[in-house]
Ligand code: PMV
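The form predicted on its own is given below as one chain in structure tokens.
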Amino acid sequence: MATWSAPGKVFLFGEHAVVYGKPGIAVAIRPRVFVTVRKSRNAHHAKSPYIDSCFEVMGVKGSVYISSQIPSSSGLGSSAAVTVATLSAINDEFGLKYTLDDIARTAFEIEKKVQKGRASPTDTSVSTFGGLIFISGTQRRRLPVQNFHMVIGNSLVSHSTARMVEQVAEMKRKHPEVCNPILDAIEGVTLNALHHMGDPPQLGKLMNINHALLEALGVGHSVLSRLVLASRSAGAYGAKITGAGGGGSMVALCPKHMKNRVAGAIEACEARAVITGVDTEGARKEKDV
């Protein structure tokens, strides 16, 4: 058997806009998904279409065991992490000799299929390679790793990424004169952030702008708004929705000495706080358990 893990992710900039080929910046975070795969004559059908698709695409049969530190439907890339870790474990167990680039590309194709074409390669790239990733269209580039201090606030409000992406697509179809300038502005914020990756206070200001633009797209939620405002009031440089919105999570960028205070402010809103940093490792082999 083979056990592999992959990290979750948060979007610092660019979610939703990346679906339309615009740039985004995402970062791997320390919570991980662990997947063990064992060869088997009989196909094991998981309850996850992502896992079933991994076995189908790789053309093998096996049993699978999942252990996740990332809550599902939380905007933290759990489906991408599951897909990347499963593909990596299958690749190892069956000696298929896929490269990391192959894993990232295949994982994206699976996500795109399961999410009915409305996926971006961001989540799967971050889970595969770790660190900070700049995505533009189908191109990806690793950015120099920064020692960011982040607090994630899980609203505990479940959401559907596919539904939120479709909601933005419908707005784009019905009101292109409103939606397209918002997407262009998100692109401008992301490109501006590239020049300030070593300046957390400035990044925080840009995150605040990005959050307002996401709310203008209609993907906000009252609980997320409360968490974002509480984080800023508690001393975060900036805070925003991360992921599809409509529930799920937000992320705050903090001074090191303020992260516990920010976490406390989030939990005072009856949400779940996770203090984290950048995970520089992507998919990795674990000791078999």
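These figures come from a predicted structure and were not determined experimentally. Heads up: residue numbers just count along the shown sequence, starting at 1.
Absent from the display: the form predicted together with this ligand. The rest refers to it.
- Heavy atoms within 4.5 Å of this ligand in the model of the complex map, among the stretches 60-68, 243-251, 29-37, 224-232, onto 243-251 alone.
- Using a 4.5 Å cut-off to this ligand in the model of the complex, each of V18, L76 and H159 places a heavy atom inside that distance.
- A residue is said to contact a partner when one of its heavy atoms sits within 4.5 Å of a partner heavy atom; V165 meets this definition for this ligand in the model of the complex.
- In the model of the complex, no heavy atom of N91 sits within 4.5 Å of this ligand.
- At a distance threshold of 4.5 angstroms between non-hydrogen atoms, S120 is in contact with this ligand in the model of the complex.
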